[in-house]
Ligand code: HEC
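Below sits a lone chain in structure tokens, taken as the form predicted on its own.
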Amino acid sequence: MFKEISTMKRSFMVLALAGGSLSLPASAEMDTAYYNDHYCTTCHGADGIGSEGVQAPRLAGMEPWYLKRQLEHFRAGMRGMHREDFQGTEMQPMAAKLSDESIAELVAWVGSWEYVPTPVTLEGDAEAGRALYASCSSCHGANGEGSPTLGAPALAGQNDWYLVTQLQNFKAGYRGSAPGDTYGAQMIPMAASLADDTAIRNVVSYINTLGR
């Protein structure tokens, strides 16, 4: 039993250090303070609001179904396998260690974090971005609220620098091109419709204006 608990602790500690999921669930019957209070905040920022320095996105407030899907995709090698997806390649081998039970515990634990609005960190033409966002709204909603039915996550409230990076990755084919990643494959042509980095910044600037 002790060996099993120690292995679980090491797995979550390494996973957190790699910028992946957070730590042990709050309900675990063991001392989690060191892991929760140190490693989680190192990667994902205080209260899970994300850390630009290590490109770890905000998890607090993220939809449980979307977080679960991303962990499963990392684990299955449908995300984080392209060598140019630098943050993804760090996450993928860590998620590969997770069992279905571990993923369920992580999703439940992250769900206990209180959502805190993320700060605006980029400048762009939000008005120009409004027109570009029209095609995004068919899946992600007019207010960036997302759609569980369509499998589209909420965009409003997510770190703007993270959205920029992921749109760039989709546009370049670093994300969404793996076999089986049907949702990612849908994003590739959408990102490709954004002419350049300026257009990407503009659409994300508009997303920054949306409520959550």
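Note that the structure is predicted; figures quoted are calculated from it, not measured. Residue numbers run from 1 along the displayed sequence.
In what follows, reference is made to the form predicted together with the named molecule, a form of this protein that is not presented.
- prompt: Quick one: does G48 come within 4.5 Å of the named molecule in the predicted bound form, counting heavy atoms only?
  reply: Output for G48 is no: heavy atoms all beyond 4.5 Å of the named molecule.
- prompt: Is the gap between E145 and the named molecule in the predicted bound form 4.5 Å or less for some heavy atom pair?
  reply: Looking in the predicted bound form, residue contacts with the named molecule do not include E145, since no heavy atom lies within 4.5 Å.
- prompt: How about H140: is it within 4.5 Å of the named molecule in the predicted bound form, going by heavy atoms?
  reply: Yes.
message: Please tell me whether any heavy atom belonging to G157 falls inside 4.5 Å of a heavy atom of the named molecule, as the geometry stands in the predicted bound form.
response: No, G157 stays farther than 4.5 Å from the named molecule in the predicted bound form.
- prompt: Hey, with the named molecule in the predicted bound form, do A60, P119 and L210 all fall inside the 4.5 Å heavy atom range?
  reply: No, the whole trio is out of contact, none within 4.5 Å by any heavy atom.
query: Looking at the named molecule in the predicted bound form, which residues in 146-183 have at least one heavy atom within 4.5 Å of it?
result: Result: L150, G151, A152, P153, L155, Q158, Y162, L163, T165, Q166, L167, N169, F170, R175, D181, Y183.
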